[in-house]
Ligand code: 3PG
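Read the single chain below, which is given as structure tokens and is the form predicted alone.
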């Protein structure tokens, strides 16, 4: 019998686990749960004899993959997958998938909420502004950004985007695509960052880009902190005292922000973008179905490793 492990240090909601269980029961698979574990050894022991695993932000490194002798597939219930060692997975003949788009609405709603929070002066009681009529710049155009576009347009914002790989898709729905990242930052009142922490995107938000910002602009980051060049961000916020940085990720230089920029930043206590009941359920169900499709039909549609 095919054995499936759900290994979640931060568990799925009980309703999600119940519905995931139904998918595997229908397929005739055996489901095992490892929830709220406190040591890596617990994960190593649990994954030893399973054929597939569903994880969330759990670390699947070379040691874990080396121990999982029967493992054929790992599905990250969510979009990001930098918690999985893709090279080691490939070397161990393990397919790695994510579940793109399943938490997109949740993250997009947070991004819009953060933009409102920023323009209303962090709900401090000071006079703020409104988003209607202002220009939102989308840095990236994946699933989350497309939902942000939908919401921002409904609020009366002008929306522009910079993307290298989805220009035609953006233009097809009426979005203006800027010629460069610098132009996007120059023309936007609010920047919303939606690029992964890999390749060309690492530290792509650098001084050469940030120097084009308007002095009263707001940067909203619900993506990854690695895309920000933090010393450059500090530098531009020193030079332009009207800029705010609202992030779902706490930067490494948090103490410097606290000392230098009171009232101009906010960081969520822990990453909150996908932390909704709906996203939790959607990603879990998608992960379960992808595993079934993989074993029954050889479907590798969402594979992210070579």
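Here the structure is a predicted model, which is why all the values come from computation and not from measurement. Residue numbers count along the first chain shown, from 1.
The form predicted in complex with the named molecule is left out here; the points below concern that form.
- Comparing 34-42, 52-60, 255-263, 65-73 against the named molecule in the predicted bound form, the single stretch with non-hydrogen atoms within 4.5 angstroms of it is 52-60.
- With the partner omitted from this view, the residue of 163, 217, 221, 103 that lies near the named molecule in the predicted bound form is 103 [heavy atom within 4.5 Å].
- Distance criterion of 4.5 Å from any heavy atom to the named molecule in the predicted bound form singles out 274 from the list 274, 47, 246, 243.
- Put simply, residue 77 is close to the named molecule in the predicted bound form: some heavy atom of it is within 4.5 Å.
- Although the partner is absent here, residue 18 is not a contact residue: none of its heavy atoms lies within 4.5 angstroms of the named molecule in the predicted bound form.
- Interface residue remark: residue 25 is not counted as part of the site for the named molecule in the predicted bound form, having no heavy atom within 4.5 Å.
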